[in-house]
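This document opens with one chain alone, in structure tokens, the form predicted on its own.
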């Protein structure tokens, strides 16, 4: 079945970091989705996919967009006026949470946190979250992810601030220290290099675990 095409007004935009923004869109009537799914947004002849960072019962839709200097769509979204109608179709995707007896582990970098924020806002609790960024500013939606996690680990690669709650290094470096005494359901979302490296570590250390992944550029 082909996903329906919707139109929604941009309600507000805010900068999360120097290179990422959050867009709040009105929620069209009849638009339902599962946390972890994404929409395909259209601008002129271009189209881009963005995961929803909203809970399925939220009255608005939230998108997290990385703004590229030469990116026509992301630049447009970073400057377009409130009230502008944006067209998209969806929802799409299968990166959704499926409960099992294994412990869920979310591993995210950059704007790849969006589907996990949606899952947390839907009420999911008890997961382990490894959240990678350069510095504290890059820990997008930390409070949303931290409040429902059994363990939240910010993994910072360039922060000089001494903080015992922070792991100094990449998420994959922390993954190599994760206890191996149980099986996990790993959910990976972020840059393809992180996902590639994580697959290797998981295959080597967590043979009884399952992996679900989605690449964010």
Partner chain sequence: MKVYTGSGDRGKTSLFSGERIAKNDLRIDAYGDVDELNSILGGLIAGLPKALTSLTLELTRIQSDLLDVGAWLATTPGSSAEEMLTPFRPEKVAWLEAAIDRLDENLPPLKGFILPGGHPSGAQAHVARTVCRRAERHALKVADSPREGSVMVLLTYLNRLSDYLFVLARYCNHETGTAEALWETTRVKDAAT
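Fair warning: this is a prediction, and the values are worked out from it, not measured in the lab. Residue numbers count along the first chain shown, from 1.
Missing here is the form predicted together with the partner chain; even so, the following discussion is about that form.
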Contact assignment for the partner chain in the predicted bound form, among 151, 34, 66, 43, heavy atom within 4.5 Å: 34
Which of 106-114, 88-96, 72-80, 136-144 lies within 4.5 Å of the partner chain in the predicted bound form, heavy atoms considered? The stretch 88-96
Does the trio 192, 199 and 211 actually contact the partner chain in the predicted bound form, every residue with a heavy atom within 4.5 Å? yes
Would residue 18 count as touching the partner chain in the predicted bound form under a 4.5 Å heavy atom rule? no
